[in-house]
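Shown next as structure tokens: one chain only, the form predicted alone.
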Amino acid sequence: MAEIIAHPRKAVAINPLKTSAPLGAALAFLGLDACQPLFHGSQGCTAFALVLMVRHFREAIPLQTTAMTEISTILGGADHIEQAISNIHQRARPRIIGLCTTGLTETRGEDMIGDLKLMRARHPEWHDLSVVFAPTPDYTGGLQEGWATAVTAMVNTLVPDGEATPAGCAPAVRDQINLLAGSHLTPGDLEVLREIVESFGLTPIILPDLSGSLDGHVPDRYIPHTLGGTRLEEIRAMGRSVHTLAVGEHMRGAADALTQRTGVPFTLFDHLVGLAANDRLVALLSDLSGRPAPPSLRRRRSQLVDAMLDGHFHFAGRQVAIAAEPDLLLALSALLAGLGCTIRTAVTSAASPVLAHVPAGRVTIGDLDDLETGARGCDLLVTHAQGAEIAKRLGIPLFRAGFPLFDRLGAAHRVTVGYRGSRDLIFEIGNIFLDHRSEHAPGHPPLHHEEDDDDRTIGSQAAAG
């Protein structure tokens, strides 16, 4: 069990690792169809989050702000919220507005729930508009926590109460399941998970579904809100599903809320990277559907096993330093440790129950400065794009993971879940080790610069023949 270390004496974050909770909430709302995320804060708060998301996804991001000023911050921002919702409703015509607070408005303190009730009473024309409120101050948690808060708010606001209870009038749909997606899953990951679930004859409702809205497609016309994602009708039908899959410990709160509202049971997966986690997923889907795993999945499992056999020679004994959000940290470190790497340094952004299960001696809740201090002499650095300068200074190869990835194309399409995604992840990291051979890596013999041992053996056999 890893020891969890915080820095009570560190007065300032140096090269911060954490991304703000409002950004995480806005990102979750972008996974809903016909939705408009709205920041209740200053224009600067919104601009910062907008720039990061645009650079990561390389797409137009619909994000609005209440544009709080010095005066409205002191006197209260209810008028700004009301005006912003009215403008968005009239001009963009979304079906959902995701209202996220920021550190500015949370510090002042406002009765958002009460204000929204009064606003709706004054605006009967909003009858076809759902407003989901997510309290996400910048000073509490990070991207993962903001995402979790937003998804829980979606469940509590948009899912009808009691549809799946015995007294409910709507019958359950036998082949329908819910999938609560964590913030560490890319649009590409969600596409793969949908394919896996559908291969068992099941129909998934994914919440939120970035694979529908931020998968890099080009719309045939301009739409001022999200295009694609989880539809409002699908969210309202989640109470009729037979089971819920929650991916990521930070999705536990949303899964609990959904169970309390509808009675639908849930199963939580810490992550879906590697052999054991995906075997557990396949076994559950087989039980829910009453069908055996399809041949395509069996084939991909065999390919993953072969990739593990091929790759472990190059992973064994390698020293790795990782900095990521808690659930992503667990997923990547578990895979690397399972292949023989030593997680020398593990840094994360916020406290989480999963940190105790990270296969490292200790986990530091800190910043990228902590990562740089602990990464000296390691064979691999794993973090988001902000770690590129650290890798350059230390002369260590970097595997980019998490958010943001603004210096690479295709961040939204990277796949690391499922048998196929885990296989490709092993190959990608293994090739980094091959490109940056270390003759001092403990636990395995020195690697040759000119040719692999396998190549030497094949060459000797050919000469003998």
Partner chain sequence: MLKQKLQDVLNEPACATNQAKSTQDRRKGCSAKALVPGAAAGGCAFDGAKVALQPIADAAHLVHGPIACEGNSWDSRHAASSGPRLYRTGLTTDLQELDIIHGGEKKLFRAIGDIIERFDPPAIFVYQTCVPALIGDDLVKVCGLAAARFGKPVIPVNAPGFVGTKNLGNKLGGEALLDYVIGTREPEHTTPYDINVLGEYNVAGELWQVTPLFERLGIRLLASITGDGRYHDVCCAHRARVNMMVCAQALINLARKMEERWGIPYFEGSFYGIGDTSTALRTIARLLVERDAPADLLTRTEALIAEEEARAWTRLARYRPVLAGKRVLLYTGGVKSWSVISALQEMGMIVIGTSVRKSTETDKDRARDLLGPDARLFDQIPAREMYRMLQDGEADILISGGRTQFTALKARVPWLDINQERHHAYAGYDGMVEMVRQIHLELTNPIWTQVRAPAPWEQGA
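Here the structure is a predicted model, which means the values were calculated and not measured. Numbering follows the first chain given and starts at 1.
Here the subject shifts to the form predicted in complex with the partner chain, a form of this protein not shown in this document.
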Taking the partner chain in the predicted complex as the reference, which of R298, R122, R362, R108 has a non-hydrogen atom within 4.5 Å? R108
Just give me the single entry in P265, P292, P224, G377 that has a non-hydrogen atom within 4.5 angstroms of the partner chain in the predicted complex. P224
Interface membership of F48, the partner chain in the predicted complex, 4.5 Å heavy atom rule: yes
Even though the partner isn't displayed, in the predicted complex is L368 close enough to the partner chain, meaning a heavy atom within 4.5 Å? yes
Using a 4.5 Å heavy atom cut-off, state whether H80 contacts the partner chain in the predicted complex. yes
Residue-level question: is A67 within 4.5 Å of the partner chain in the predicted complex, judged on heavy atoms? yes
Of the candidate stretches 187-195, 274-282, 136-144, 151-159, the one with residues having heavy atoms within 4.5 Å of the partner chain in the predicted complex is 136-144
Taking the partner chain in the predicted complex and a 4.5 Å non-hydrogen atom cutoff, the residues of 12-50 making contact are V12, A13, I14, N15, P16, K18, T19, S20, L23, S42, Q43, G44, A47, F48, A49, L50
